[in-house]
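To begin, one chain is listed below as C-alpha cells, in the form predicted alone.
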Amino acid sequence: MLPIAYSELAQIFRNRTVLISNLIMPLAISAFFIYRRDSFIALGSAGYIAAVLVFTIGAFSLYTTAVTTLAARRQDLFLKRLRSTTAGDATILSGLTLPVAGVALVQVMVVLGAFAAVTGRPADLALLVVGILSAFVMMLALAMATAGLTGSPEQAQVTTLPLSLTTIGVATWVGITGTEDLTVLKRLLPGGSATELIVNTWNGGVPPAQSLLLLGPILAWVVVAVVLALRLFRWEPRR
C-alpha cells in the first residue's frame, strides 16, 4: 500500500489542475471565511464557520480529488495493472486514496488552527476530531461510489458537483438554523449530523453523550456509500 500511496502523492503535486482546483481553491475559500469571520459568525456561530470550513475542504480537497484520482487511474489502465499484481483490492484503493485523505487532513488542521487562533479554541477538541474524521470517512466512501459513475478525470468536475454543493449547502443550512426545527430531516441529509456534531463540539454546551449519538446517521451514510461503491465501482474503462 505504501509504495502506491507514495507514487500517488507525487502525482498529486505534479498535476497543476488538481493543485489549483482541488487544493489551493479550498484554502482560498477558507481564508475568505476566516477573514470575514465576524460577518459569518453573526449569521450562526463560530461552530458554524468551523463546519463550513471542514466541508469545503472535505468536498473539494478530499471528495473531488479522490474521484478525479480514481477516474484518472482507471482511464490510463493503472487500476487494471495494479489489480494484476499481488495487491488486493482494498490495498489498491487504500494506497490511491491515502495521500488524498492525508493532504485534506493537513489542510483541515492548518485552517482550523488558524481559525482557533483568532476566535478561541473549540470546547471539546477530542470530540471535534471524531466529528471531522467521521465526516471525512463519509466523504471518502461517497467518493468511491461516485468514481463508479465517472468515466474520466474531466468528467469528475461534473459528477462531483451535486454532492459537493449539497454537503456545503447542508452544512450552511444546519449551521445557521440549527436542528430545533426539521430535526430528523436535517440529521439524515448528507453532512447534516456531522455539521451538528462539529458545531456542538466547537461551541460547547451540549453533553458529549448526546453529540456521540450523531455518529449514527454519519455511519449510515458510510454504509450506503460502501454498498453503492461495491455495486458501481469499475476497474476498467467502459468500452
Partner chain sequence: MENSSRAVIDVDRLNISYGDFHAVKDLSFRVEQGELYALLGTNGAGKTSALEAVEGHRRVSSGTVRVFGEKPADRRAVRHRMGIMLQESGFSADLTVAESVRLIGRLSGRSDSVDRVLGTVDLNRKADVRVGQLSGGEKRRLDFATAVYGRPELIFLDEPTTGLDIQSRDALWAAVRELRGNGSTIVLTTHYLEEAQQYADRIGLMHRGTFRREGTVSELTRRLPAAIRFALSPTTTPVPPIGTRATDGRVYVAETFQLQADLKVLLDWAAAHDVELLDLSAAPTRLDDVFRSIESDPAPALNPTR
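Residue numbers count along the first chain shown, from 1. Note that the coordinates shown come from a computational prediction; the quantities given were computed from them, not determined experimentally.
What comes next is about the form predicted together with the partner chain, which does not appear here.
Within this chain, F78 lines the site of the partner chain in the predicted complex, having a heavy atom no more than 4.5 Å away. The partner chain in the predicted complex comes within 4.5 Å of no heavy atom belonging to R121. Proximity of R231 to the partner chain in the predicted complex falls outside the 4.5 Å heavy atom cutoff.
In the predicted complex, the partner chain stays beyond 4.5 Å of every heavy atom belonging to G169. Residue heavy atoms within 4.5 Å of the partner chain in the predicted complex occur in exactly one stretch of 129-137, 146-154, 88-96, 105-113, and that stretch is 88-96. L82 is the sole member of L82, L163, A101, A141 with a non-hydrogen atom lying within 4.5 angstroms of the partner chain in the predicted complex.
Candidate site formed by S7, Q11 and R14: every one of these residues places a non-hydrogen atom within 4.5 angstroms of the partner chain in the predicted complex.
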